[in-house]
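Look below for two forms of one protein chain, each set out as structure tokens: first structure 1, then structure 2.
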Structure 1
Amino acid sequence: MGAITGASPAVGSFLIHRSNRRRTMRARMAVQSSNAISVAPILTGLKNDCATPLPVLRHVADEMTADMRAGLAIDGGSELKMILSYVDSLPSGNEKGLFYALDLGGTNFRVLRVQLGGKDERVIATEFEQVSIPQELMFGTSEELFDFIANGLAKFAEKEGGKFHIPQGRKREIGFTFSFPVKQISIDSGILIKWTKGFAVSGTAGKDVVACLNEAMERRGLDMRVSALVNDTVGTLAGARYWDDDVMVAVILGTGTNACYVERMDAIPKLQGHVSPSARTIINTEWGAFSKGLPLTKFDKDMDAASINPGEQIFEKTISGMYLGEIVRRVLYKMAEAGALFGDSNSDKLSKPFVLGTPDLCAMQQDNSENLEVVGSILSDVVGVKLYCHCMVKSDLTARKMVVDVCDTIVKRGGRLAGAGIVGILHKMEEDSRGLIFGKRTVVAMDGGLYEHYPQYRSYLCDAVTELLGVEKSKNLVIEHTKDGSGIGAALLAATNSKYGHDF
């Protein structure tokens, strides 16, 4: 004690300051440890509400199958629209010639050309360009938007050369991928129901979008015509089918989600008068609208109520990339408010809808560092939560682990429900054609950034499919990633529906 009494004021001050800092840190550790315990019931409740054991998955798959049948029986018969694509001829590999594709589905449009060489040469060459749509055109007139697109197409066509060539006297043909709500009335025509994705173009609703594009190309003097109007999921199936005859289903899991499949014409009761030479077609399910049997939480219901389309697209809101991050944000905000998960480091940012994206969840789940440094960085940079990173106290690590646990709970549910949806489609096909699906090799073509870039999501999806089908049936099923297949798929459908036939 004498040494301390005789110490200089500076040394004594230092020792007192260090002692105070230790007490403060111990207090913070105690508070955060207590906070972690107080939010544990929220996490437990979330896990229970999101649980997807086999009986739940079976119920979802069965409801998907039943809804598909109801939607095929009559328009409006179920939540699933089960839209006829009018794609009666799938790519065979025999297609030859030069074909174009235009993909309009957001604030950019993409143009692509492909030179096909038949069975022997397949795809000889491809080229593509992406063009940004000026924001004023998203709120302009129909004529202005389609004139801009036609101008972009014309500039792209002017660069045609090298391995790309078209026989003299022939019009260039294009497959048009149009990812907005359309009532399709033939392979090369469809009436726009409404604009979405931030577009508010006047003078297009109720009109044939193919006619709008064809007229714009004529005004521009562009020698080109649309021979196929396709949904992006249908284009994905066609693109994958070109390389593999066993492809029967295509699923997009990205910002949004959808699925389509090959259906027998005699299994579509609502279809009257339409005859297909191949006795089959592609059905666009629009499965994002499905909702039956899904294990939903208060956080899902609150997010849905606050959305621009409450009560709609429930399956999409549960499994797709646009919404997973927002569900997690809502859970973390509840934990921060009710249980002070992050201590006194509450953030206004965390209360902002959609501030946390699905790529952030993915990055946090890939964090293998001992102290979950990536998780801490994302919490700090993205949602403004500052934890005590400099000392890496145990309680800080506990909070980070809880955040990862929340991410995993929501992503696991999403992946497994997507797997159940796929099995529901396969069961419908198998019931109508015994042995067509499970008795031979069957391929499901997958596209979209969520499936491609999120390994945990992908793994949960595949595990659910295997659990539902069993090991033996699963051996014949191949879930195959097909990157960006919808563009070339649209060009291939332009080829299979060419007005010149296949007399190349």
Structure 2
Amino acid sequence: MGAITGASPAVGSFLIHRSNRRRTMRARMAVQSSNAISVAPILTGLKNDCATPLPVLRHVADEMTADMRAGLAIDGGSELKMILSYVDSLPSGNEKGLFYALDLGGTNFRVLRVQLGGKDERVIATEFEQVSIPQELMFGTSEELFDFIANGLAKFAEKEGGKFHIPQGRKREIGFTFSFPVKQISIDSGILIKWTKGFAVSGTAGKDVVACLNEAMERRGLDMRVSALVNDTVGTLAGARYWDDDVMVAVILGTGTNACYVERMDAIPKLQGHVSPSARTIINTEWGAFSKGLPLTKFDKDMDAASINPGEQIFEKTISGMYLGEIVRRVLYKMAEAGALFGDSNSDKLSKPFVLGTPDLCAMQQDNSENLEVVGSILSDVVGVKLYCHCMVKSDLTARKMVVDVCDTIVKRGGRLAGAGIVGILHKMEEDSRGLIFGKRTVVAMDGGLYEHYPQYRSYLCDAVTELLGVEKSKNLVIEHTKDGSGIGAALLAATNSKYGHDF
């Protein structure tokens, strides 16, 4: 439980008072004042609607398990696509040579090279660069986006030297992390199903994204070969597994969210004809599309309706970094308009979608100062609400506390639901192979800014997992942050699937 929730005023009796000064200053507020209602019912309603007691968590976890099975039974069998990754063998540690990775999944793309030295030397050297994607490219054409990426990759490749070297006559190979729902056709090709996370690039959906990249590389005169196309969850799992054999699940909690896990081939009824020597494969759940049993509010529904993909990615819209700030903004706007949360302070800026980011919520929740100075300055700088820091009146401080309370409510729901999702996956795995998950050490590799940088979110997630599993089963479970594992993981999978083998 975040500190602020406990410290906030008694919800039922809360009413923001105005300072006399402001009351006299703005005559126009007289009308609003008479209409102003207490913000308490809004907050109480929000907390009720967002509540995630154990039975709700259990229900979500069970629905997740059931949806996983339905998605494995037939294509289109559930909201969870349960995509075959064609990654049937994970890195063993024997991989050797120079490999590249290209990571496209959010507002940045990253290029990376790694020189692998086999069992003894492991990772000899890595280098990476990060390039932010101009906003207009997220709404442009497929060609524009892939040309931009190929150009970044080419510039990076030109700087190769030092510890990095490729044997004569070989093409440089790339592991391409593409973090959007893709129907994988083989380990090195896949069709984009749809864009997520605010991308609306025209002309890519329905196309093989590796072909799009190859064409752009050709236009740029860049002679490299994509030998593995992977989702970021799959890259993370591969990267974490390189160091730890007990990694069975990988979860991304960043701008977007998703999870993948190691599945038995004989537990995938929809699979026809595909054989794996290891009898196992990685399934990309695309759990962002899940929606069953989620405690949703009017604010979530309004945000969804106004989004570029209404009705889609509901789990993602409830728990991931792209949306938490926006949900809070909607609540605060309602409190400002209907309940005069900020007195007569102008809330025009607050009406702007996505003006409040999840990092702002995080900064506000870390504010331990007596007068909640950070909250005050974020409200003033980002949202345009001035709460008179210099002559702090009780109502202003109460309003700040209430803002933190709203953040905590939304973040708590997100973290706990993410935890329930993880338990849903673990239960599915355990049901199919008793003892293999809870009877031994099992690692869930986590990556993404939300998990990495938001301590409250992280601890809500972990609490929910422990509540659901109980102390005994939780003892064997390790939830581990794997920073930037997906880049190295993709390069490792490029090595595992290299057309040259990796015996040089």
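One-based numbering along structure 1's sequence throughout. Basically, rigid core = biggest C-alpha set you can superpose within 1.5 Å across the two forms. These numbers were taken from a predicted model, which means no experiment stands behind them.
- Shown first, as structure 1, is the form predicted alone.
- Remark: the rigid domain rotation between structures 1 and 2, smaller part against larger, is 15°, computed from C-alpha superpositions.
- In the rigid-core superposition between structures 1 and 2, residue position residue 97 carries a C-alpha shift of 2.6 Å.
- With both forms fitted on their core, the C-alpha atom of residue 211 sits 4.2 Å from where it sits in the other form; this compares the forms between structures 1 and 2.
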